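Read the single chain below, which is given as structure tokens and is the form predicted on its own.
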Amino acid sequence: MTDEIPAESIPSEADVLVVGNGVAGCSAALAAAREGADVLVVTKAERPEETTSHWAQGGVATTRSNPEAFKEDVLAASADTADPEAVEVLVEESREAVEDVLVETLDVPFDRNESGYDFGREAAHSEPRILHVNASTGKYLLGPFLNHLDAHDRVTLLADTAALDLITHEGRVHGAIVEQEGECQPVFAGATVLATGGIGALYENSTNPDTATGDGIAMAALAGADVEDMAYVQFHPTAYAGDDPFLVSEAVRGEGALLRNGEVSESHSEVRETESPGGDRFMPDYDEAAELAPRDVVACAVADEREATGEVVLDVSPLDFAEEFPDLAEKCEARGVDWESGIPVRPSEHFLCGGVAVDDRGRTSLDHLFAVGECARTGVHGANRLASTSLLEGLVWGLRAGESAAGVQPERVEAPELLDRDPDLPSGFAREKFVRLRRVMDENVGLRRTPEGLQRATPVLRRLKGEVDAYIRTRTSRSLYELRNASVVALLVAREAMDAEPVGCHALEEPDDAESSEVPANASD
């Protein structure tokens, strides 16, 4: 597997410019190169593990023999808010995309059993249909993908290279201003594909890397592209609750693990016949699907039980945890977690269901600008994403976008000038502002939201964005632009949450008291 992404000098032109190197970006690059385009992939990551795709655990959902059941599961998990036509594209093209790219091209070593692929089952899936590699599927996809592209004669891959702004002229995108080692230059492209991932860096607790600052969404929004469904931020119910957190895949619950709270009650609905880690099993009281209910249901239940009883643990005693999930067992051991006593878990930010609005080919509302992966709003997820559909969506829409992006020659226009004439800001400036942003998002725009909390958060985020805008007019640095992007996206999430339908992972409720949703007095200092 690739340990480092190669870094080279920046070319001034490309037929197709791809920003981001997760599975969606790699898929777009591959498809464009197959169409004969010269492709430049830029990523601010230096190593594969700095990308969201690398962190993906569960796997890749596919149709198997029952595509209609797959469609129904996607729609049901979304509370019937997903776009049926987008779901149709995802499901109908899943098998061919997986076989073409992941199996035949990359030879991903998906787990097998005596009868063939060892399909797993995860929450809200009606049958086992998840292709996986242990509980670390993302890294087994991304490493081979990067190696394949690195060897492709039509693809140039640049590491530690960030896109700062899009180059636009009369409603068309002509590429981007990119930065490498402090030097900025325009890259003109016939088409530009944004594949920058999600917004995990906006929250203190997230299953995504700190590089997930919403860059593509912010750049597209500032350029005038349509952005939709930003209120729907999904929280994963089972992230390790201790220091150095990590995601505990839904596949563990799919194999029989149970969620238990911090107290044992004789009157509880579950009759405890054997000694098990933790307290009472509670999910049957929240949903008939229990631990396999949709993520939004389980995440809210875990949060409620943690508040009411002090903790929630994942009881893995019903399965051979170390044998079935050795990667997760290794992570537990590294942190001194005795999984036989239950793994302490809590909800953590996981996935943005909205993003830059695109059609079935990944086209945005701006000419020659595409968006794929988590930064795009395809309509597949609606208000809540079904487990193990993110890598699949990135693969399917990446291939479609890359194919459509090819065939246009780059055209040079006047590029925006990024000024850097004022003294550098203190080294901790961006970090301190991020602390403030995360505090506001965690307390007011997190898993549980109230109208009052959103109303208080919005002006604070607006002031923060204004402060950053003032600095960015005369200074250019990657950290400052990441902060700008994060503040833009945070404001988009908060604003849309005030008006969005409270369904799925947008849990809007009235506060218990007037103080419960207040922003701390020092949040806007």
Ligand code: SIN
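One-based numbering along the sequence shown. What you are looking at is a predicted structure, and each value in this text was computed from that prediction instead of being measured.
There is another form of the same protein, the form predicted in complex with this ligand; it is not shown, and what comes next is about it.
With the partner removed from view, the residue among N444, S78, T213, T389 that has a non-hydrogen atom within 4.5 Å of this ligand in the model of the complex turns out to be T389. Of the residues L247, A303, L366, L454, just one reaches this ligand in the model of the complex with a heavy atom at 4.5 Å or closer; this is L247.
Of the heavy atoms in E393, none are within 4.5 Å of this ligand in the model of the complex. Shown alone here, E122 lies within 4.5 Å of this ligand in the model of the complex, counting heavy atoms only. H350 belongs to the set of residues with a heavy atom inside 4.5 Å of this ligand in the model of the complex. R385 belongs to the set of residues with a heavy atom inside 4.5 Å of this ligand in the model of the complex. Within 4.5 Å of this ligand in the model of the complex, a heavy atom is found for every one of G58, H236 and R295. Here the chain stands alone, but in the model of the complex its contact with this ligand, taken as any heavy atom within 4.5 Å, falls in 249-257 among 435-443, 88-96, 178-186, 249-257.
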